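Next up: a single chain in structure tokens, the form predicted alone.
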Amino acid sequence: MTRVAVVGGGIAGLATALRLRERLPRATITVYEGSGALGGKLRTGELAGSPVERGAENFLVRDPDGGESAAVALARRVGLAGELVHPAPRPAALAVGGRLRPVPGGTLVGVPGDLEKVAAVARPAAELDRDAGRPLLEPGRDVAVGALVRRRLGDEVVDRLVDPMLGGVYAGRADGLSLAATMPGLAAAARVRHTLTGAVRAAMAAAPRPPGTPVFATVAGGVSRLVEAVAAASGADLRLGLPVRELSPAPPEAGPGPRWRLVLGATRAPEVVTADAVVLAVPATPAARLLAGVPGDAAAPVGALEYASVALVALALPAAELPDLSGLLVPAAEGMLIKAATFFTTKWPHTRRPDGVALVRASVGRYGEEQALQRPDEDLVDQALKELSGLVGPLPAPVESFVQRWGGALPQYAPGHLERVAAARAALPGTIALAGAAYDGVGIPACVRSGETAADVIAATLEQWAA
């Protein structure tokens, strides 16, 4: 009987297990999760009696090509289509000079296609974006987002628009993040178009969103419901609290292809299992450690990836007067601890409470600023409340709060990331695959798609053996 081991029980690993079950219905599929819970960064908690996300809050409804996102498709497959809810049509704001201003329209992750629309927030250096008679980027070239935008539109557009928007997604800085990895549509357009504004307009036109179509969705009751439903539908053997410590070729056995030996659990009482194929759906550092025992040169490019740590500060505020906004972004230049906030009960109508308690969630931590997260929980809560009050007006003391820390949570895709990932995958045998945010993008749809692609690679190899 075919045995497949999935290392990592986050949404990428669970999506892998489900797709393997669909492709290989008779296989034994085992998910090994080192912690005591499935879901990874998808975790629904409780605050003042209401469900509040301790990690990822929602997912995109549409993929970059304009079709249904992998997360929505996954929810349908596991019976949650009727449980998807969407945010209220509320605008978001940017903190500029200590005041809130509307996030301008007509941008692609903050990069403007129409300079007039962003003039109230940032002054673009329009004279820099001249048509020099050639594409912005040579074929195959990758650059940092900040480097390209600064060169074509000036510093203020980067610091006030692009940096906070990328920071809200990656907790990173525009000057260190790959254009090809974080904004592939814009990178493709930049290899054809001669101006940055023209490339933005082309990229937006290539992925139109029908009017009235919601951008985001979540699961009523919390994203942990999606985790539970996918795990159940996969029919996988779920082994929690059992980290995989070693991966190496197994001794030769009868039958085609290599097998893999996995060492699990505590060093004093290790458990050894054998699998026909392995999917590594864990962050880059543990993945690189396991790949060190696999023939080839995949470990080095995987291990080169760095991460940012973040913390989420959730507040339950009694009778709070909040602006009619979904949330806000704070540029690093503002010098604040918080980098973003979501007005949870304003953004999500299904979470509103009859007692008037407002739920707010602030995000803390940027790449390279891990020292800010060393403060005690109560200090983070107090500072987040103080900074929010300075932006939206005085807020009452919370009736309840929590701080969720995520060490090494968000991958930082430096320029050349896609090439490094391609090199790592090319060095792997067909019965080992990589999945997750470390490789193919952050966000639930990207992780689901990554897991399903990894499963397809494994299934194709095993099916070829059986033919």
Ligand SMILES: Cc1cc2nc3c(=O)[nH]c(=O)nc-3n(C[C@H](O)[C@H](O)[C@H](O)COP(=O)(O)OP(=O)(O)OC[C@H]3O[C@@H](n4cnc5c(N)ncnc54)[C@H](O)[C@@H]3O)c2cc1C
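Residue numbers run from 1 along the displayed sequence. The structure presented is a predicted model; accordingly, all values stated were derived computationally and were not measured.
The same protein has a further form, the form predicted in complex with the named molecule, not shown here; the description that follows concerns it.
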| query | finding |
| --- | --- |
| Contact flag, residue 11 vs the named molecule in the model of the complex, heavy atom cut 4.5 Å | yes |
| Exercise: residue 243 in contact with the named molecule in the model of the complex, heavy atom 4.5 Å | yes |
| Any non-hydrogen atom of residue 70 within 4.5 angstroms of the named molecule in the model of the complex | no |
| Distance check, residue 458 to the named molecule in the model of the complex, heavy atom within 4.5 Å | no |
| Segment that reaches the named molecule in the model of the complex - one of 99 to 107, 281 to 289, 388 to 396, 133 to 141, heavy atoms within 4.5 Å | 281 to 289 |
| The named molecule in the model of the complex reached by all of 149, 183 and 416, non-hydrogen atom within 4.5 Å | no |
| Option touching the named molecule, based on a heavy atom within 4.5 Å in the model of the complex, out of 94, 312, 219, 190 | 312 |
| Partner contacts in the model of the complex for 37 to 63 (non-hydrogen atom within 4.5 angstroms of the named molecule) | 39, 40, 41, 42, 55, 56, 57, 58, 59 |
